[in-house]
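Just the one chain here, laid out as structure tokens, in the form predicted alone.
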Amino acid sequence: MKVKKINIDTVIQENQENLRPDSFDNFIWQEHIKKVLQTAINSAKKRKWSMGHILLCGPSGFGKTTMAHIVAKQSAVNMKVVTGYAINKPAEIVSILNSLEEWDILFIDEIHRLKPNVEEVLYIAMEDFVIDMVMPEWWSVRIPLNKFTLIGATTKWEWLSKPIKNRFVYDFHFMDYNDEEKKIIIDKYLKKYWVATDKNVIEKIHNKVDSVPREIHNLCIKIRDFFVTEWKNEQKFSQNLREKFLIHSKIDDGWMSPIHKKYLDILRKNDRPMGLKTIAIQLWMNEKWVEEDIEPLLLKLGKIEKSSQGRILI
């Protein structure tokens, strides 16, 4: 039996695309969401009607966009994708709604970024599948729309107005991934990138990354790049390569990077509660960046606490 020699460069290039899960079976965990959505899809097909509107909530990187693409594929309908901050005027959302074919899905990412006057047009369209146009003579005309399903994705559920929240039939919140699910995702991506490894290596590396699918994928890309560069005579990502990789990438438990460690060092050296502004100055960073990109992981890992006096070490 002949064994085909594999060119690692070719294999990796061929497998860099299509890593996004394309079915509910390939989407790891979020079982409740997948089950309810599959029921909604089956119902829509049997009724030959549009699904109820869907709101996907959760932190960035948890697969909200991926889930929307899966819903569209499983429903066998087209999906138009727009971003909330890109729609500035009511006329723009009217144009988008008018362009939808029967049963299409409109996916609005960062839907919380919609302006109030745009929201008003949208939630009327969601409920009645119509838009009200005010003519120059100050009389209005009601224009019917094709039946469609709106899927909104947001990291700021609380920013959405109550009227638009109420128009969503399905309101899902993505949950954290546990250790076992993280290991499954790591194993899946490494196999996609043709990086062979052992279970014990995955066992010892899963705690080096946050429980966010996108961050897990980013870790696997770093492993792939390191492996391609360093693999030489090694046929797999071994325990030895793992140790070298962690030193090379400066990754600590929980996905803490050097900037997270510097944040903790600032608190440790001052040995007192510190305000966000003071910490940001010492990090040479914008306060918003520190609060939105640095602190969430430290809070999640239980390294810091926000008090009325300021940030403190735990």
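Each form is matched to the other, and the largest set of C-alpha atoms that superpose within 1.5 Å is called the rigid core. One-based numbering along the sequence shown. Keep in mind the model is a prediction, meaning the values are calculated, not measured.
Although not depicted, the form predicted in complex with adenosine-5'-diphosphate (ADP) is the subject of the following passage.
- Among 257, 60, 38, 270, the residue placing a heavy atom within 4.5 Å of adenosine-5'-diphosphate (ADP) in the predicted bound form is 60.
- Checked against adenosine-5'-diphosphate (ADP) in the predicted bound form, the residues 242, 183, 217, 224 give one hit for a heavy atom within 4.5 Å, which is 217.
- Contact with adenosine-5'-diphosphate (ADP) in the predicted bound form, defined as any heavy atom within 4.5 Å, is confined among 243-251, 270-278, 40-48, 60-68 to 60-68.
- The putative spot formed by 52, 129 and 148 is not touched by adenosine-5'-diphosphate (ADP) in the predicted bound form; no residue has a non-hydrogen atom within 4.5 angstroms of it.
- At the 4.5 Å threshold, heavy atoms of residue 306 stay clear of adenosine-5'-diphosphate (ADP) in the predicted bound form, well away from it.
- Although the partner is absent from this view, residue 189 contacts adenosine-5'-diphosphate (ADP) in the predicted bound form, with a non-hydrogen atom inside 4.5 angstroms.
- In the predicted bound form, residue 26 approaches adenosine-5'-diphosphate (ADP) with a heavy atom inside 4.5 Å.
- Contact annotation for residue 84: none of its heavy atoms lies within 4.5 Å of adenosine-5'-diphosphate (ADP) in the predicted bound form.
- Within 4.5 angstroms of adenosine-5'-diphosphate (ADP) in the predicted bound form, the stretch 155-171 places no non-hydrogen atom at all.
- After superposition on the rigid core, the Cα atom of residue 289 is displaced by 2 Å or more between the shown form and the other one.
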